[in-house]
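A lone chain, given as structure tokens: the form predicted on its own.
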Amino acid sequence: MKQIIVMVLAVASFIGTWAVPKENRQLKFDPKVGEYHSLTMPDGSIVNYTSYERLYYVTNVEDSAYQYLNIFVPETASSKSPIFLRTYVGGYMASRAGGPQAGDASGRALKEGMVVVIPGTRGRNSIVKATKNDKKAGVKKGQEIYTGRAPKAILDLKAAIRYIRYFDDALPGDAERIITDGTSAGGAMSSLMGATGNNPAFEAMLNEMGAAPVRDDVFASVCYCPIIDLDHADMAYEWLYNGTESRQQGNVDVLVVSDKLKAMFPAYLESLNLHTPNGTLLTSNNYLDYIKSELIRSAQIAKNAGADIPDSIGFSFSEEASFGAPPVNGGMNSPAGKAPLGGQRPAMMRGGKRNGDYITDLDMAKYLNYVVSTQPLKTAPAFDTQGVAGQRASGENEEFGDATGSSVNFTEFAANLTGSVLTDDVKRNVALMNPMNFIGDGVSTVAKHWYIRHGARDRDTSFPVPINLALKLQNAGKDVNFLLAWNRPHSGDYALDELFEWINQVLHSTR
């Protein structure tokens, strides 16, 4: 059955792009044509590097504004240097290939001696003009054609990975040690690059684009607050936040939707058959306790590093100071008694009394109300909003629309409420954009190493979404470093000392 699905997926995804001329390009890389530059880092140090820019990674270029990459090689790089692929996709929108930034992971990677690759990608808002009339498709010359609806962004990124591998002998850097990084929708893309390596569902589409005929798996993926599992994210969101004061006091129609979505999540959770690191099967009966343990672990790490953790948001503490904090059970790859790697101190919080050295409990209802007090909840549904309780389309509704610029429902739940029908194309593209579908499928080459962060007060998606990703990877035998980063909102490329210490650890562990 899986093979049949793969074949259909490969055929269907390009339906709907009409009358768009494709530029014929050659895949090429000339190491002699780079330009010399320097980057001043926040600490005042200078990083010298050579840039190679506007390198097209497919031969059939549909949108020349985006379908190329830039490569930046520090002067200390060699053929064995890791390759750091930073995607700047946000909101599932198009992303141009830019340059390294001193204040984020791209600049830090250069400083660490890594080759940095920044690819452009099409997105839900990328547009070209039709060059001819197409009566059959109902397209007129000059009409705007959307080039980047799902799954185009991940196809572009996979083509970029293939370009790097194709020119591995000529390029500085080691294509066997590609590390991807992204935030939010970019975190989703990083997780897809890590989870879908060499999966045949993408092959026909990549061939049609003119991607290099080589592998597209990667060594490691860094995922900040990944917006993934969109076909189940709405139910996860309401399961977590349905009982908060803001949801209960909100619009009656929205609350009805919230109640229905909340009731759907337990069956999905239990279908995943997830186990905690100590082997406990997660169900809807113990899952909230597991989330609590992860939040306690995060807060304890921050407290050990000097943060003020107030009891006013639900935490309970030891009565007296002690010589050391006890471990918090159930966490992934980061003991509660250890300060963050690299020694970076988290943001301080005010309020509450002076507390003991270790955290003993957390009132989850109080804590979730705190989270949503820092930033209002999304509506219900959080993602598939179009037409539900009179709501407008979300960015995700646009993402799964077609080349005409349509917005569509993409979950059965929302489609049933709005009276719409999920087409086969929409169903296939939703499946292709969910990394959870590829982990452990026996076909994909999944990255061995994962660094996943989601803010402990990030409400852009719910805590179960990144937790499920981390646990599914860990249950599949992958090396996972996961944390609900203390007091962080929806953001990425933070605690760079910690990130790059982890990267250096996994690189050295494989030598």
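One rule holds for the numbers: they count along the sequence shown, beginning at 1. Remember, predicted model here, so these are calculated numbers, not experimental data.
Another form exists, predicted together with 3,4-dihydroxybenzoic acid; not displayed. Remarks below refer to it.
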item: Candidate stretches 78-86, 197-205, 139-147, 178-186, one within 4.5 Å of 3,4-dihydroxybenzoic acid in the model of the complex by heavy atom; value: 178-186
item: In the model of the complex, the one of Phe400, Phe72, Tyr163, Tyr92 near 3,4-dihydroxybenzoic acid [non-hydrogen atom within 4.5 angstroms]; value: Tyr92
item: Contact residue in the model of the complex, from Lys111, Lys378, Lys303, Arg428 (heavy atom within 4.5 Å of 3,4-dihydroxybenzoic acid); value: Lys378
item: Contact label in the model of the complex: Asp234 to 3,4-dihydroxybenzoic acid, heavy atom within 4.5 Å; value: no
item: Contact flag, Asp460 vs 3,4-dihydroxybenzoic acid in the model of the complex, heavy atom cut 4.5 Å; value: yes
item: Heavy atom of Lys22 within 4.5 Å of 3,4-dihydroxybenzoic acid in the model of the complex; value: no
item: Close approach of Tyr241 to 3,4-dihydroxybenzoic acid in the model of the complex, 4.5 Å, heavy atom; value: no
item: Contacts with 3,4-dihydroxybenzoic acid in the model of the complex, stretch 377-408 (heavy atom within 4.5 Å); value: Lys378, Phe383, Glu396
